[in-house]
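Okay, here we've got a single chain as structure tokens, the form predicted alone, with questions on binding and movement later.
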């Protein structure tokens, strides 16, 4: 990898997400050598991926080059690599570009879509965890309407214009709201020779409420917002299969759709060598102690979505969101420096700053520790928070301008089929 050898201890970080970047920044300008490995050369602001999928933003406005984030930091090295295995006994990582020794290893590999072992659904559905996946979904949505213009089969046309979202968490709710606004304000103008009123948007939720991790008031208000936008919400229903055209469930409900979007869950992106049963918990996450040390190791750590830290307040582990990842990465930076200096580390304490979700124009729900509110004020708070945490001044400006333009014109300029994408769709008839 051509990483120079120095007298400084080498800290290898796997993953350039929220946790990995926060940690690298914390270790900047310190007497350590930091090597960050990631399969992409950019950091993705995942909370806004759904806006890329629905044409509200271009991908470069929510991505930022990792090298640019850390360009002025001495003793920092980035390598574009896929980490295939971790050899804990030899203190080295094995990648597609070579092997690298470490003194300390931090696994910040994040999460990936959890299909709960259903390979058929995985093969035919759409995920939305990365920028390429979001671009694929954007292309598919637009291509389906182009195909709907060409078919004379009414059932196929309806299936092409129907969207089924599995999962009523923030991702599913925000995506459903965005699709509903597209149906209302954009599709009639783009496709005047197509009866877009027939388009249907469904959310299928296996539990008895959407936004299950938020307050009852937030869940009820979000459901009310979605229903007013014309979204159909099916609760206590679980998807069992999807063949590319027909969605079957554990009830007698079936749905005909050419687009099934899987937002029903995520799991930790563990790496070979760190996937033994004793260290992996529910959700495929690495069990860590209060100092983010992986069970069984003193020099290997995990932070962010891949780490499962059990606390009294969160007996099932901290939520897989940006804030725990950022806070863990930031504190681990301090703890690593303490460890190197022979000082005792400090236990991590999560500061819960709240949860929020937007359902569309002037509609959002916010749960803070002391306050809970919904509606237009919550929508402004949601926008401010997301702009604040975006990396890069240019990205903040571009996103803000896009939001203002979309709000005034009720438009989404990025509805472009840049790279065609086709699923293995089963055409009937």
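Numbering follows the first chain given and starts at 1. Only a predicted model underlies this, so the values are computations on that prediction, with no experimental measurement involved.
Absent from the display: the form predicted in complex with another copy of the chain. The rest refers to it.
S.K.: Which is the contacting stretch out of 151 to 159, 255 to 263, 114 to 122, 317 to 325, given heavy atoms within 4.5 Å of another copy of the chain in the model of the complex?
M.R.: Partner-contacting stretch among the options: 151 to 159.
S.K.: Should residue 415 be classed as touching another copy of the chain in the model of the complex when contacts are defined as heavy atoms within 4.5 Å?
M.R.: Contact with another copy of the chain, yes.
S.K.: With a 4.5 Å heavy atom cut-off, would you call residue 96 a contact of another copy of the chain in the model of the complex?
M.R.: Within the cut-off, so yes.
S.K.: I'd like to check something about residue 193: if you look in the model of the complex, is any of its heavy atoms closer than or equal to 4.5 Å to a heavy atom of another copy of the chain?
M.R.: Residue 193: contacts another copy of the chain in the model of the complex.
S.K.: Would residue 79 count as touching another copy of the chain in the model of the complex under a 4.5 Å heavy atom rule?
M.R.: Residue 79 belongs to the contact set for another copy of the chain.
S.K.: Pick from 228, 101, 71, 217: which has a non-hydrogen atom within 4.5 Å of another copy of the chain in the model of the complex?
M.R.: By the 4.5 Å heavy-atom cutoff, the listed residue in contact is 71.
S.K.: Which listed residue (276, 208, 146, 341) meets the criterion of a heavy atom within 4.5 Å of another copy of the chain in the model of the complex?
M.R.: After the contact test, the surviving option is 146.
S.K.: In the model of the complex, which residues of 40 to 54 put a heavy atom within 4.5 Å of another copy of the chain?
M.R.: Sequence-ordered list: 41, 42.
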